[in-house]
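Next up is one chain by itself, shown in structure tokens, the form predicted on its own.
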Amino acid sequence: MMRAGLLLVLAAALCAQDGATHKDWPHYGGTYQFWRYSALEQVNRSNVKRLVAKWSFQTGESDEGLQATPIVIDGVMYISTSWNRVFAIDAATGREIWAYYYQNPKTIGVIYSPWNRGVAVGAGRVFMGTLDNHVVALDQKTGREVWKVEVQPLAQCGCNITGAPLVVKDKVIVGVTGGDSAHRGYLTAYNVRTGRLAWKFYTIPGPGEPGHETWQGDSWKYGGGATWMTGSYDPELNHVYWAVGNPAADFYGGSRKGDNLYTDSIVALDADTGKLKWYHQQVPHDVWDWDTAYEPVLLDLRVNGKPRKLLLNVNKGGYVFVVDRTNGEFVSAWPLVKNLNWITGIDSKGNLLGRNEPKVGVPTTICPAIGGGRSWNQGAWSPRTGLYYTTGIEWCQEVIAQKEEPREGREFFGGTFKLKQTPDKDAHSHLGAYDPLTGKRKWLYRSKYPLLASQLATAGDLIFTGDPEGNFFALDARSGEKLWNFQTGSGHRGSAVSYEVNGQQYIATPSGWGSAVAGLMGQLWPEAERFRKGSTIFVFGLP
């Protein structure tokens, strides 16, 4: 037993080092590095056209679709749905093993809907954040609730937990929503066995803490800084990396003069203590709602001939930032979309140039739109091609900033917005293959509607993703050619994964249209109001 346990530890360490998943899909991003890359190659460019549906599982809750990433460990799939339901499913047959339905309150926050984007599995537990701002730990074998802790009273913060937790050693780490409300953001870690608080890191420094001087007056108390997505982890450095969202109020910054640390920043924390090791702020004094809340991707690449430990992050404002993950030093930044006018560029040190800020009481056209140059759906990195695959959205908006007084736990936008066409009347989306350091593009796949599902890269040189109309499809990772398509009946907003059971490779995808960004699309694409809802896991394999 000790030898078997040692082999499992070594296998997990190897998986963490190379960033690829193998038989399992153990973390939200695949591995701690967040590559979303599977080393399985049974399904490849030569045979992907033979893929067939093996099984499907309907969750029974289609409100706001199915936005989660399945976790697969030892032949069992764990999936969460809207309204905090969790299912354990036989990953080879689709048979339900157990189900857990959380008892939600009548109200779930100020401006948030009932979606949940994923669970974490570790130490014999399945962990989920809830709509009333709790963390629950379930027995991995039975689904029985083991412990539950309240992170912060819902009535106080108006926030909740919709992102997947991250298990690191003996701790489960959870973020929180609240970037668009009068709330002070944080990241919290609990002991996986007991639920006891291990540490808490506030994303907005309090009095006497470094960075507090970047907030005017008492604005820090209601400054946003949500941590609503999931971070990554480097075991060698023992750093947890998390992306922090926008300051509040979103569009009006007159009451919070200063850089507003650590909003719109990547923060590196000591995994054991939660202490800040370094930070890199992408957008000082954000007045555009440009969350830096998306996934931190860990890559080891050569820069000017020298090996560097890097972190790549796609910014909601339509830029990709690359920094050194040992110290936060800026390395490069490149535009992901064409329609960008909130700045004129970024210099060699990472400074923003030519800021175009919304004006109080006056309509200002800003590109991209509030949904982002890319939404929270994740990209993928393939070590076989050396390319980073991610979506982008070409759209604009009209913003009117306005002064607004904060009310704790209440909505705090500081303005209004309305989607607009691009200057060339060509709002659309695309999926591209890019050099991660320079942004040089190898190919581009165009979509009429915003692509809001994550990408999955595999060793079979395939990229899997889905679109709002219900098409789940595979592209050639080297050329972008579409090789296979399957209509699932509802649009795609979650994240596909790949795994192996009994020697067979499977591709699994959540199908179920919904989310806040999906709800905005009708302003530019009226027919999007008719896109079908659903909540089903589809699993594919070779005959």
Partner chain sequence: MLELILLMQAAVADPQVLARGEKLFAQSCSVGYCHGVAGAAARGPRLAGRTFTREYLVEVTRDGIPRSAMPGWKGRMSEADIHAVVEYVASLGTVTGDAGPAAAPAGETEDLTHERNRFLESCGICHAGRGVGKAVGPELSGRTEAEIRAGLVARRPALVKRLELASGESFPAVTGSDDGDWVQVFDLSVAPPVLLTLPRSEIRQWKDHNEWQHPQLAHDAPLASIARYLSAR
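Numbering follows the first chain given and starts at 1. All values reported here derive from a predicted model rather than from experimental measurement.
The form predicted in complex with the partner chain exists for this protein as well; it is not shown, and the discussion that follows is about that form.
- Among residues of the shown chain, Gly345 is not one whose heavy atoms approach the partner chain to within 4.5 Å in the predicted bound form.
- In the predicted bound form, the partner chain lies within 4.5 Å of some heavy atom of Gly195.
- Put simply, Thr385 is far from the partner chain in the predicted bound form: not one heavy atom of it is within 4.5 Å.
- Heavy atoms of Asp289 reach within 4.5 Å of the partner chain in the predicted bound form, making it an interface residue.
- Each of Glu61, Pro114 and Glu408 comes within 4.5 Å of the partner chain in the predicted bound form, counting any heavy atom.
- Just one of Trp278, Trp443, Phe413, Trp98 comes within 4.5 Å of the partner chain in the predicted bound form, counting any heavy atom, and that one is Phe413.
- The partner is absent here, but in the predicted bound form a heavy atom of Lys106, alone among Lys425, Lys306, Lys349, Lys106, sits within 4.5 Å of the partner chain.
- The candidate stretches are 235-243, 331-339, 254-262, 142-150, and the one lying within 4.5 Å of the partner chain in the predicted bound form by heavy atoms is 142-150.
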